[in-house]
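Shown below, as structure tokens, is a lone chain in the form predicted on its own; questions about how it binds or moves come after it.
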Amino acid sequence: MEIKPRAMRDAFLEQIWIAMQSNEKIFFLSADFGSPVLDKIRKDFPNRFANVGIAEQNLINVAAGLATEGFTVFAYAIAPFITMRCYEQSRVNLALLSEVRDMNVNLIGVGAGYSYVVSGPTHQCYEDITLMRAMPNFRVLSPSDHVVAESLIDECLNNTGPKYLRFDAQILPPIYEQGSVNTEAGFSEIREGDNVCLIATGYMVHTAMQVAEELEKEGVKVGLIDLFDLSGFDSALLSEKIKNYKGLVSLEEAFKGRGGLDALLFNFIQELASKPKFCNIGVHSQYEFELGTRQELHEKAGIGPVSVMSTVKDFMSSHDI
């Protein structure tokens, strides 16, 4: 059966709504941000829903308070605001406090990368991976489609500690079959390759798939791994999957060389017995004020399919891979 594309937030919120029917310890907070599914949560569970208004700092404070009282909390806002506007509160009330108190707070940020295309750089989010990864005790989850997004509900309900889920604001084509994702591994191997493996997260998994398919037409078979858990993935299993590759390429819809996925993989590679060559692909370190389609903005930033194809080919050629 063909899976109908769906927004990540709607798929995930639906799972929360289902869980709230049997779990009275789930509490939902919104920073004046809605969705059709959220209307159901507010209607059916009015005593476990609160809209704190456009006040993300208070959103974190309230979430931390509820969590210390034993609630499993979901807090929902636009990605740049739930990460940057309230960063000190997340650091003190979630990252620090969770080291001495059991608490389960799940921050849902919608609008990762360029997904709010027409809203410009104030509403786009290229820094969140770096910022949220920087805090100890925080788990960063970055799904590539709505199937992965909704599958993460068990990780959120069954594991304590603060988590940040970065959701795309656009409706993306599904990559996975329903129920086919092993979230415990923290990643999924989409394709096996010969000498080079692309490791992507979020929207960039779609770009990586397109590039891998084009390269295969030219007789080049590259691997592809969707890394959706940027802090809790199975490192031993990932090491096994990439041990025979001569080169790795990271792809992220975030600033290149600024502590995101590329930094994670650079550190990861240092622990490997074999040291594959490494190429990092990310957004050029500048803000873009001009409007355009996501594809146009991506090519300009160096992460569109054409740019990625060129970079991967240059990488393979320069290292004779």
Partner chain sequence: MKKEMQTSEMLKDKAEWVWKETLAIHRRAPETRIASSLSCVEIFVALYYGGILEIFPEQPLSEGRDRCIISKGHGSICMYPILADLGFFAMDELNKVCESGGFLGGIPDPVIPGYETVNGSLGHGLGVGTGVALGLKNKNSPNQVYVVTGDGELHEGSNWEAIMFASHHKLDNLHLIVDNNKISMLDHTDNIVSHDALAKRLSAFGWHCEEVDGHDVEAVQLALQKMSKLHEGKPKAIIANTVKGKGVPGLANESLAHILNPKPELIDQILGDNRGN
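Numbering follows the first chain given and starts at 1. Owing to the predicted nature of the structure, the values given are computational and were not obtained by experimental measurement.
This next part talks about the form predicted in complex with its partner chain, which is not shown.
Checked against its partner chain in the model of the complex, the residues 280, 35, 295, 57 give one hit for a heavy atom within 4.5 Å, which is 57. Between the options 93, 151, 104, 115, the residue in contact with its partner chain in the model of the complex by a heavy atom within 4.5 angstroms is 93. Taking the partner from elsewhere, residue 88 is found to have a heavy atom lying within 4.5 Å of its partner chain in the model of the complex. When contacts are judged by a 4.5 Å heavy atom cut-off, residue 255 does not count as touching its partner chain in the model of the complex.
When contacts are judged by a 4.5 Å heavy atom cut-off, residue 171 does not count as touching its partner chain in the model of the complex.
Its partner chain in the model of the complex comes within 4.5 Å of a heavy atom belonging to residue 71. Of the candidate stretches 262-270, 283-291, 62-70, 36-44, only 62-70 has residues whose heavy atoms lie within 4.5 Å of its partner chain in the model of the complex. Contacts between 11-41 and its partner chain, taken as any heavy atom within 4.5 Å in the model of the complex, involve 25, 27.
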